[in-house]
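As a starting point, one isolated chain is supplied in structure tokens, in the form predicted on its own.
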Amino acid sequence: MKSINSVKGMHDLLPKDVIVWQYIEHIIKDTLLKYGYKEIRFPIVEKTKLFNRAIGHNSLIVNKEMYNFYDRNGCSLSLRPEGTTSCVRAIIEHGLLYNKQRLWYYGPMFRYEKPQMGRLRQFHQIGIEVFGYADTYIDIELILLISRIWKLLGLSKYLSLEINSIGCLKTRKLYYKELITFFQNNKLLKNTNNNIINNPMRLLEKYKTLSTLKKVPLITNYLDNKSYNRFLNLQKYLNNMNVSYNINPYLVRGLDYYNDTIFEWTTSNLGAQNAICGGGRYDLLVNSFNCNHSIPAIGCAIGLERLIILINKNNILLNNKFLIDVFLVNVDNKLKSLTVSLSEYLRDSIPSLKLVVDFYCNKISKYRKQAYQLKAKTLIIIGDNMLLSDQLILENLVNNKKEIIKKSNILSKLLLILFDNN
């Protein structure tokens, strides 16, 4: 029988990889908690019309990249291609619009794209969304929060912040006309589909390497006073906080609901898929759901797969030298029940203890190799009737010191090793 493999563009995460993922997730989630952001969870399946309305019928995502299907009642459903739309739906449905909200979520997203490094059909994002704050200070907070995450992960020197302003909807309509005229005059609209015509700013990304683009009209020259001053304030605050950034007048977002501030962190280490985190303001999205509320909002998403690739490619040493506290191994096949009793005694005595047991291993080289593979801090060996004589071998794998101790002393000795700050 021919083997069944995973779906193209949807990858397995093996235990050795999950360890790195969990560490990174912990850093990000802990930082979000300290900034006062609360987790929200919503389904991976939504009604297709939700994305049609929010993202736009003419967008590339809706037309070509969504996974759509009908349920038994004939309702058109979709796997979520991004998280912001689902988050907005959830806060409207549950009446959370009346209070300011700082939210985050984590999970898989789905887009039918050509798989390549850093681009999968099932990919994972940590999304951050803020509702109810209109001034530029929340833009700054979000950028500073993400910058802090990069610093904690040791990635700051590999990432560059790019910012731009795409103004308000009225500004963009005027700019679109100028942009289409420019591309027509330069014969760059040949074989262009309606998706591009409806949002010609995407051509800035497509043709960014052409010398012709140096003459393209820039949207920053079309901003109204409010958007212009907002963009100046953003730059001023970033300068005051010593945050390095580049103004990229060609920076656009793939989704049509953004306005004013947009930003991305990019890297030169990943080839074409160089964006690790991107986002911006979307002050009109809530109102597009016909809820009669104009709620200012801003958000961003971190791509976990690309983040992992960047960390692995640059051999970033994560702070996970010791993944478990104790590896307890029994080298006497007759003492398995006593091994269970000792392991549970230690777990009861130290509730935070991370302990792994091998109930029978008769080769010294094998169990020591296992301990190092598990990244254990200590090794406890039971065998040769030692437990019956009230003796154990305790090996400190931090300094490679080994001693034979009494069973009655195991707890105090173990606490000294595990919680010694020296």
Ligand code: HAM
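Small disclaimer: the values here were computed from a predicted structure and weren't measured. Residues carry their position along the shown sequence, with the first being 1.
Below, we refer to the form predicted in complex with the ligand, which is not included among the displayed structures.
Each of Thr84, Ile276 and Gly279 is positioned with at least one heavy atom within 4.5 Å of the ligand in the predicted complex.
Using a 4.5 angstroms limit between non-hydrogen atoms, Asp139 is distant from the ligand in the predicted complex. Interface residue remark: Phe231 is not counted as part of the site for the ligand in the predicted complex, having no heavy atom within 4.5 Å. At the 4.5 Å threshold, heavy atoms of Tyr105 reach the ligand in the predicted complex. With a 4.5 Å cutoff on heavy atoms, Glu113 counts as touching the ligand in the predicted complex. Just one of Leu179, Leu223, Leu335, Leu255 comes within 4.5 Å of the ligand in the predicted complex, counting any heavy atom, and that one is Leu255.
Only one of Tyr158, Tyr175, Phe183, Phe123 lies close to the ligand in the predicted complex, with a heavy atom inside 4.5 Å, and it is Phe123.
From the list 163-171, 268-276, 327-335, 213-221, the contact stretch for the ligand in the predicted complex under a 4.5 Å heavy atom rule is 268-276. Taking a 4.5 Å heavy atom cutoff to the ligand in the predicted complex, the contacting residues in 128-149 are Ile128, Glu129.
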